[in-house]
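Next up is one chain by itself, shown in structure tokens, the form predicted alone.
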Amino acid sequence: MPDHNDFIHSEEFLRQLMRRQLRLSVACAATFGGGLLALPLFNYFAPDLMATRVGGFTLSWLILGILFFPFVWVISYTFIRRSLSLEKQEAEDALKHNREA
């Protein structure tokens, strides 16, 4: 049975953690969406640049077919690392808060 003064099981702790996780999720989603939206915009506004051949591919196909996967991997890796860091930080703060109470 959790102690009523236990901060880690409180609504405030859960709300803080969810708010930070939401901010991180929105930042990662915005980065992904920006990257996804950038490709057609570059194709529209800079067609000569996107038609440049790099390694046998046009730049457009190089980004879409090859470079997009590492981009998504970096976003996912960053999300997981930051998420675990946030949870660890929240748990440390909660333990510190419980010791002081």
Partner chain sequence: MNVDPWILVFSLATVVVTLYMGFRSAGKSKTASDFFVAGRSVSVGWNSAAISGEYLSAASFMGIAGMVMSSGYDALWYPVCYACGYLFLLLFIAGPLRRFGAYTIPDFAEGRFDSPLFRKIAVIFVLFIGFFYTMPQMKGAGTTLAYIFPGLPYWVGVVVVGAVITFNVALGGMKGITLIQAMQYWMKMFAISVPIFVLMAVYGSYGSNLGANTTAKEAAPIVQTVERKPLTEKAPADKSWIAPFGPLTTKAVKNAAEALPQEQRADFLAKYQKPYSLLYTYSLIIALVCGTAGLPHILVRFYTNPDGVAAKRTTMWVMILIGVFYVFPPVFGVIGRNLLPELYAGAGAKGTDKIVLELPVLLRAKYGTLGSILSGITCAGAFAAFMSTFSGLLVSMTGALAHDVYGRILKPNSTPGQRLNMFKLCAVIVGTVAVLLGCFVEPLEINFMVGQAFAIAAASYFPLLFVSVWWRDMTMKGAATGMFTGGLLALLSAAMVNVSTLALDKGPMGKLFAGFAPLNQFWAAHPLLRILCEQPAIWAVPLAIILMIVVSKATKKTVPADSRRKMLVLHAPESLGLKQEYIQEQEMPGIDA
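By rigid core we mean the largest C-alpha set that fits within 1.5 Å across both forms. This structure is a prediction, so every number in the text was calculated from the model and none was measured. Numbering follows the first chain given and starts at 1.
Omitted here: the form predicted together with the partner chain. The next part is about that form.
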Within 25 to 49, the residues that have a heavy atom no more than 4.5 Å from the partner chain in the predicted bound form: S25, V26, C28, A29, F32, L36, L37, L39, P40, L41, N43, Y44, P47, D48
Post core alignment: A91 C-alpha displaced by 2 Å or more between the shown form and the other one: yes
Is_shifted L14 between the shown form and the other one (CA, 2 Å cut-off, rigid core): yes
